[in-house]
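The chain that follows stands alone, in the form predicted alone, written as structure tokens.
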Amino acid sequence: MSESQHADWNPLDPLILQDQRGAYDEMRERCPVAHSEFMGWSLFRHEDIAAVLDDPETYSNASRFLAIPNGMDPPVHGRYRETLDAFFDQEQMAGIEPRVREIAANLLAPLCAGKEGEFIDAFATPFAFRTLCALLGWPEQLWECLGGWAHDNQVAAVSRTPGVGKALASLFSEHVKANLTSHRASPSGVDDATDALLRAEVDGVRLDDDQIVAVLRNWAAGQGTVVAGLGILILHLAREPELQERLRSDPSLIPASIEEILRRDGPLVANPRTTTREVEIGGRTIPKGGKLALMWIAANRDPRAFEDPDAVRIERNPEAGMVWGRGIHVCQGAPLARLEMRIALEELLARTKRFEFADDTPRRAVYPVNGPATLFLRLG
């Protein structure tokens, strides 16, 4: 059996899905460059993944589908990235912050009043996708369409059932194009992100509707990762009442806590790359066109890069962390994700004296995300 046919591991093994972090930690030490039928070549060590991210010429992020800007390589990637970065600059985030805080407060009010509830469905999911609707200037009730699409897309990433991905892409395109038509027909007078996308130009040419669909597909998928991240943050804080109280007393520590908690327990399992030439990584030869999976969770817990990696130390220097990726394809929506997570924690901590598990066994989601699927809380 050739090396390309040899499977070192099975990412969908039930034992691995039962504890993804533990399984990836073990693979990082035992077989840091591993092959599977499902993922191709998986990289687990921080050093190897950083080297890939720092060399986009050798490791392509180009997608066979239209994916803007993530699924593009230089120099085209840079031109689209420059245009779209403006949607997440400091001024834009400051402008939307009051609305994001209002959304959080409205969702938390019944949860806190009830003293007990399931956090993912009651808060994390509607909060993330209502925020996206607010950014886009879409009717708030459309959050369920966006959230449902993101969930189904994650399921399709595992099942790979023929035709499902194409059907989901068509459904998403229909929703986006309907809202673009509505914006053109009835301008709201509010300069929201949809209006800005309709005006956006790359190389002097306006984005067409299919390109805007590709941009928003990336943004919506990113909000699914925000849901997972929010779940992980609350999962950790529910286990650490002392850190809860520390953050209540000094909310200025919340941003650093977000970075460190998500470094220890990341929301997104992996991202792909493709080799543009034959390479050797960790003593293994990967052919041109080889598919790589960059295992974020393992890299961010690598003891070669982080002292005592399983410990949450909010004073830790976050520069080596790759929660948001690294290099030219670093997460474009990170400013919005950080804003959402900060506001969610600020509002929840301000409205409670404590929160803890109402169920001793929170159920974890599995690939391609790593956050809790359900999280029942008791709030005091």
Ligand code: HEM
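Note that residue numbering follows the sequence shown and begins at 1. Nothing here was measured: the structure is a model prediction, and the numbers come from that model.
Here the subject shifts to the form predicted in complex with protoporphyrin IX containing FE, a form of this protein not shown in this document.
- Taken together, 226, 324 and 329 are fully in contact with protoporphyrin IX containing FE in the model of the complex: each brings a heavy atom within 4.5 Å.
- For residue 268, a non-hydrogen atom is located within 4.5 Å of protoporphyrin IX containing FE in the model of the complex, even though that partner is not displayed.
- Mapping the unseen interface onto this chain, residue 218 counts among the residues with a heavy atom inside 4.5 Å of protoporphyrin IX containing FE in the model of the complex.
- Although the partner is absent here, residue 236 is not a contact residue: none of its heavy atoms lies within 4.5 angstroms of protoporphyrin IX containing FE in the model of the complex.
- For the chain shown alone, residue 42 is not a contact residue for protoporphyrin IX containing FE in the model of the complex, no non-hydrogen atom being within 4.5 angstroms.
- Think of it this way: in the model of the complex, protoporphyrin IX containing FE has a heavy atom of just one of 27, 53, 349, 314 within 4.5 Å, and the residue is 53.
- A heavy atom within 4.5 Å of protoporphyrin IX containing FE in the model of the complex is found for one listed residue only; from 248, 77, 183, 175, this is 77.
- Annotated contact segment (heavy atom within 4.5 Å of protoporphyrin IX containing FE in the model of the complex): 270 to 278, selected among 161 to 169, 143 to 151, 94 to 102, 270 to 278.
- Along 68 to 107, these residues reach a heavy atom to within 4.5 Å of protoporphyrin IX containing FE in the model of the complex: 69, 70, 77, 81, 88.
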